[in-house]
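Only one chain comes next, encoded as structure tokens, the form predicted alone.
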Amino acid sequence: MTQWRPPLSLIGAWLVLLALLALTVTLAYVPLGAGNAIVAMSIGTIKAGIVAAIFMELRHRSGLTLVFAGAGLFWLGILLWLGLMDFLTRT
């Protein structure tokens, strides 16, 4: 019986995600002021891109699939924006 091994791209993506997690935790303790949120969101965006490209296999899909994935992100942005506007307009 042969043993199944994951592809190297999955292992590499997992190691990169672990490194970015360690970087996020490390930078959380560095006093950057308002820059902490910007750095954390940037690292989070990179991690989301890696998950979408490697684990969701969007890098091997057609343009229509990428359009629908982008539309989902756009809709998520609209929902977050509307929720933020509700929060900011309350007294």
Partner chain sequence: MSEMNYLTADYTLKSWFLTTDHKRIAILYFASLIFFFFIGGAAATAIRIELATPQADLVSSDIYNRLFTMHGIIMVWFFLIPSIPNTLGNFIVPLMIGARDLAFPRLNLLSWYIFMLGGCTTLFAIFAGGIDTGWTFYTPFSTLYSNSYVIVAAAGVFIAGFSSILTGLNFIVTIHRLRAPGLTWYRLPLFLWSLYATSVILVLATPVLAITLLLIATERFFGVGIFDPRIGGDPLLFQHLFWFYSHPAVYIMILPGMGVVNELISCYSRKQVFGYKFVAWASLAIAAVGFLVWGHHMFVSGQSLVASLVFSFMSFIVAVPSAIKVFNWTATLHKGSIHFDAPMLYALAFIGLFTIGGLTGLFLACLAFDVHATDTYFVVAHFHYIMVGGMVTAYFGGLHYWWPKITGRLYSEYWARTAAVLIFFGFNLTFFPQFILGAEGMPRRYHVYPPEFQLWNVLSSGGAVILAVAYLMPLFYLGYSAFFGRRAPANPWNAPGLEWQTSSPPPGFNFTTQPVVTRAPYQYNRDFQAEPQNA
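Numbering follows the first chain given and starts at 1. Every value quoted in this text rests on a predicted model; they were computed, and no experiment measured them.
Omitted from view is the form predicted in complex with the partner chain, to which the following refers.
K.L.:
Since only the chain is shown here, I'm wondering whether residue 85 would be in contact with the partner chain in the predicted bound form (any heavy atom pair within 4.5 Å).
P.N.:
Output for residue 85 is yes: heavy atoms within 4.5 Å of the partner chain.
K.L.:
Against the partner chain in the predicted bound form, would residue 89 count as a contact residue? Criterion: heavy atoms within 4.5 Å.
P.N.:
Contact check for residue 89: yes, within 4.5 Å of the partner chain in the predicted bound form.
K.L.:
Flag residue 71 as yes or no: does it have a non-hydrogen atom within 4.5 angstroms of any non-hydrogen atom of the partner chain in the predicted bound form?
P.N.:
Judged by the heavy-atom cut-off of 4.5 Å, residue 71 is in contact with the partner chain in the predicted bound form.
K.L.:
Although the partner chain is absent from this view, report whether residue 64 comes within 4.5 Å of it in the predicted bound form, heavy atoms only.
P.N.:
Residue 64: contacts the partner chain in the predicted bound form.
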